[in-house]
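The chain below stands alone and is given in structure tokens; this is the form predicted alone.
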Amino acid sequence: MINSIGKYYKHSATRLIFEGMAKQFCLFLETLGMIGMHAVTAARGLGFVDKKELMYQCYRFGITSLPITLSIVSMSIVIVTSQVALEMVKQGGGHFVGMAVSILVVRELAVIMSGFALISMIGSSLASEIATMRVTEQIDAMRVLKVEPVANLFVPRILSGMLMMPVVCVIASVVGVLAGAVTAELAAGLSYRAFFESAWLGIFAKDMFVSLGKAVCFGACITLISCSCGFEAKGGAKGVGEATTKAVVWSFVAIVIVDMFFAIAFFF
């Protein structure tokens, strides 16, 4: 009886599910350790950063990503405000619309949507770029020339993410609040004056500082994870694709976890 149950379990979907979960957990721990080791190596090379490369990466991270980032943030705000403002006005809460929208934008939506946009555009690009260098043995050539690849490839990208993500977040917050004001006026007939008077009552210095701190952490996570996944790529073109996918998935997971910790630490 026991042997038959064991035989059935061995070929069952339940076994495959548990094995898959165990494999993913081991992969998570392996990835976490790899990212930690690369972070330590990159920290040792902070004093030797190439300023020209840093400026290029800042331009790439902060300027080229702005159109898609602002588009995603503004459209998200339009969707939310168009559904919320009219109902709040109907229920007599029109004087709270600006406050609700501005809190949502500054605390969460601007920074989280900017992070998602930058993962899709910049993070995937970083991962595929470094993965291509790995599979074409350019990184091995750097080691032959006595050049530390982690410090030279990671540090300018991580610093650019930490420096430019807050800038992108601030611009996205301003655009998001303006988009909310326009949408509230068009959808619910709420005047701009009423919207912004309410918005100023809901935003405090704490909200802005927490959002900026969150943006710095998001920028570091996106660039570090993307570079680390690309750096460990193997197996030619297939390995590049797998590294890029892994970088995007883990970056999404990381910023959601970081966002949760910030919410628990500052708003509970």
Partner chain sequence: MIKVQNLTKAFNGKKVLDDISFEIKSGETLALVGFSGSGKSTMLKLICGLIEKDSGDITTSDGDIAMVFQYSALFDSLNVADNISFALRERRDLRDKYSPDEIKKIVAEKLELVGLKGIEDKFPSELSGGMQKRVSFARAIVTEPNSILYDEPTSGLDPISSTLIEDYIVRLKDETKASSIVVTHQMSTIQRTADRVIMLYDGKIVFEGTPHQMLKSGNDYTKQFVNASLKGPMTMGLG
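Since the model is a prediction, treat every value here as computed from it, not as a measurement. Numbering follows the first chain given and starts at 1.
Keep in mind that the form predicted together with the partner chain is missing from the display, and what follows is about it.
Interface residue among 45, 202, 239, 213 relative to the partner chain in the model of the complex, by the heavy atom within 4.5 Å criterion: 45.
Of the residues 186, 142, 86, 121, just one reaches the partner chain in the model of the complex with a heavy atom at 4.5 Å or closer; this is 142.
Only one segment in the set 164-172, 113-121, 147-155, 94-102 has any non-hydrogen atom within 4.5 angstroms of the partner chain in the model of the complex, and it is 147-155. Although the partner is absent here, residue 232 lies well away from the partner chain in the model of the complex, with no heavy atom inside 4.5 Å. Interface membership of residue 71, defined by any non-hydrogen atom within 4.5 Å of the partner chain in the model of the complex, is ruled out. Not displayed here, the partner chain is approached by residue 136 to within 4.5 Å at the level of heavy atoms in the model of the complex.
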